[in-house]
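Starting off, we have a lone chain in the form predicted on its own, written out as structure tokens.
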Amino acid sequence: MGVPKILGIETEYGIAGGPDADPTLASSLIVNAYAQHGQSRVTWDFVDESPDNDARGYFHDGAFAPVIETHLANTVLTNGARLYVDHAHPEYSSPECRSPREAVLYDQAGEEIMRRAQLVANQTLDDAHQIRLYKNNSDGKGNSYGTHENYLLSREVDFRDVVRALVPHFVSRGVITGAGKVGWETDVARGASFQVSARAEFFEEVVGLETTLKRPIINTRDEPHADADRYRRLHVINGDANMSPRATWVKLGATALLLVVLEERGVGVFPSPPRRPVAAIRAFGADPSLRTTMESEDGRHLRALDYQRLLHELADDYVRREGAPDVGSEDEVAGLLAEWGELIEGVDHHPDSVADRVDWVAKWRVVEGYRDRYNLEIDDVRLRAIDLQYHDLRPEKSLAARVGLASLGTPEEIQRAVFDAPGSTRAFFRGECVRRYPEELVSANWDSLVFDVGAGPLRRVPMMDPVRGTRELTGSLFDDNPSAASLLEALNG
């Protein structure tokens, strides 16, 4: 019943500066700077986009699909990723990846791509209009933007079971994967001096289609970008933007493992969710003491860490009995489970021991150290500035770059991921076409490519299975076909 957990991350970056301090214009400058610097001339194809499909098969009153802004800068990269303007933010959507570790590499590649784009764009601007990018989730004025995760899931799983199984995880995981935040931005968190999660206070519903208003813990967008008879794509919008690659690894890996458990063992093995999930995600996210408890549907009063322990035990038992090749190699899965457990125990008993992996702990140490040094009140504006600086992409300004966060992947692997698509999914085929046939490739999206070879109509090549189009399956096609025309002939043959 299970399917490979193809996964990836979409990150909207915070942006400041630019001409007239216009974030949409500044975002367009960022995307175009990277594209015009020779990295891509291929545009995005919107023909298969269907963000209004709801996994429940109906719409709530007041629930609206995201607006697709087809007129804004939008391009496809040689590493298989998408780089574009989403409303007033530059967004990097990673290519499809075959394991959590691979997805983290391509998330870090996205940071490097944004740094390069920022550098190129700023070379055209005077000092007063320099653009600054932040990998964070809110502007400090109540406006939040997302870091969305995507997981391939079997269509056989009832979506109601997805909700029932994953709510306990999504309301509680912020205690180990939260990015932290000084202060509060909405009335529901009023008075909070420091929050574990930067984004938890912005969630208002348990289930829904929206991503910008009435944000749900479980998003119902049913847009698999694949064969809809076989697959779902779980579109997760409730996570924080992590500067720690190890936190990102656990965030992706733990969720992928739990989805495998759901596919293979069903919803009945999962712990009961909180009676009030929205109140739980907000309360857990606002409490750095980690003492807050919420009543679950079976009557127990549990902390976020209690939920995480139950879920970790569930995943660990499954892996010991069955393995989890749909998530990653045996070594990676073992490492994930060990790291997940270490983070749970660390934040509970010895937070300093995980400050190199848990963003909110690392940020809290910096904030408290600065506060003590200068005898500041917790609501001092300078502490808000430190919060923002933690997420600054400029290496010379970023506080995250100075706190000793543990790495995942080598600099060489990340640099390769900037330019080369993962060989493990269909992203390889997309990325190689962008690299080799930029003049003939008219447009691309997740599940198809459109070519113009100069004779006859435009040719669309479907890619409906994310686990095909790999280097192993298609690498020789590129070696044998130097032109797009010959590639299409070979595919038709």
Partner chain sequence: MAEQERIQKQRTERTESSAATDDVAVDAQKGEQLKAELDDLLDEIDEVLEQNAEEFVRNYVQKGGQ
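Small disclaimer: the values here were computed from a predicted structure and weren't measured. Positions refer to the first chain, counted from 1.
Same protein, other form: the form predicted together with its partner chain, not shown, and the subject of what follows.
For its partner chain in the predicted bound form, the listed stretch (415 to 423, 206 to 214, 156 to 164, 278 to 286) containing residues with heavy atoms inside 4.5 Å is 206 to 214. Note on the partner interface in the predicted bound form: the residue among Asn143, Thr186, Ser329, Thr293 having a heavy atom within 4.5 angstroms of its partner chain is Asn143.
Checking Leu125, Ile378, Ala228, Ala385 for any heavy atom within 4.5 Å of its partner chain in the predicted bound form turns up a single hit: Ala385. Using a 4.5 Å cutoff between non-hydrogen atoms, Gln389 counts as a contact of its partner chain in the predicted bound form. Of the heavy atoms in Gly18, none are within 4.5 Å of its partner chain in the predicted bound form.
Although the partner is absent here, Ser138 sits close enough that one of its heavy atoms falls within 4.5 Å of its partner chain in the predicted bound form.
Proximity of Phe270 to its partner chain in the predicted bound form: non-hydrogen atoms within 4.5 Å are absent; the residue sits far from the partner.
Each of Arg132, Ser353 and Glu396 places at least one heavy atom within 4.5 Å of its partner chain in the predicted bound form. In sequence order, Asp86, His87, Ala88, His89 are the residues of 75 to 105 having a heavy atom within 4.5 Å of its partner chain in the predicted bound form; the partner itself is omitted from this view.
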